[in-house]
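Given next, in structure tokens, is a single chain: the form predicted alone.
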Amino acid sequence: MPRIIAVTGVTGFIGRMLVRSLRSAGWSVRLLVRPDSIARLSSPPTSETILGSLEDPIALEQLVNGVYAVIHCAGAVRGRTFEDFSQVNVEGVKRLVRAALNQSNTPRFLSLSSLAAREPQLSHYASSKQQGEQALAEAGGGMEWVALRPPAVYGPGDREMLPLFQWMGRGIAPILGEPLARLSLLYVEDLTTAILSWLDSGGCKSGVYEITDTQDNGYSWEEVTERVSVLLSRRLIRVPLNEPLLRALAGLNLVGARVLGYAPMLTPGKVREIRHADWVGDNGELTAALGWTPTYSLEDGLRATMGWGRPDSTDSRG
């Protein structure tokens, strides 16, 4: 059995951590890298680096040729229109699945989706993730496939959650959601160990699986703030950011994106995601399928990410 894993999205936060974990576990890794992103690789290019993109069918055939499994980490998380997301999150899935099915020995296939796919009406991003899952289910009937739905993933090297944690490290806690809203979080190493468990499993029922950390019912924003306060050994100043303010900021960001030509993160759709009342995931089906369970609590993850709560550390990454 070949021990080669094809991975996309390897210059992103999760992709970099996954490649490191795969190599540590003894897997050979074949990387798909856009030519303009080669400098962002965490290690020098090797013979197992395929230069190309999800729009390049020849590169995709080279990527998946003879591999044991395909792990699709690439994803668009910023944009103004549905098309900004769908080219990677939907069409990219379709092309990669098509290339995998063209192999004489069909590889296993894992796609990183998002818990946002549970509520596709909220944003273009959420809709694209759900449609990507649907594309995988419809086209991937001839192979073993899994779509994982993580919540917000954080850890060393992450830039999406880092600003929030940096403000908390300075003693200021932005409160983004409603008082009764709850959300799950996931430390990146728990995500990579779940993927390794899937690779090591003898087989797994194809389907969509949620994945979260050790907190079964998620967290309120107040609980997150309290746990950070304990780690830092000081009280944090709560700064509620209500929906009208977030919408106004998102509107200004859209104008700036149109004028300056950048892909925005904070959009009206992202505000609807942030303000949604229930982002609590459930590990039950994934644990039953793989025997995997998370090991990192929020406190463990923040210690590893920010250095908080360590007796010999004053680093708040702020």
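In this text, all values refer to a predicted model and were calculated from it rather than measured experimentally. Note that residue numbering begins at 1 and tracks the sequence as displayed.
The discussion below concerns the form predicted together with a small molecule, not included here.
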item	value
Stretch in contact, per heavy atom within 4.5 angstroms of the small molecule in the predicted bound form, of 287 to 295, 273 to 281, 53 to 61, 23 to 31	53 to 61
Partner contact for Phe13 in the predicted bound form: the small molecule, 4.5 angstroms, heavy atom	yes
Arg40 within 4.5 Å of the small molecule in the predicted bound form, heavy atoms	yes
4.5 angstroms heavy atom contact with the small molecule in the predicted bound form for Tyr125	yes
4.5 Å heavy atom contact, Ser86 and the small molecule in the predicted bound form	no
Contact assignment for the small molecule in the predicted bound form, among Ser184, Thr192, Ser114, Gln131, heavy atom within 4.5 Å	Ser114
Answer option from Val208, Leu110, Ala74, Ala99, heavy atom within 4.5 Å of the small molecule in the predicted bound form	Ala74
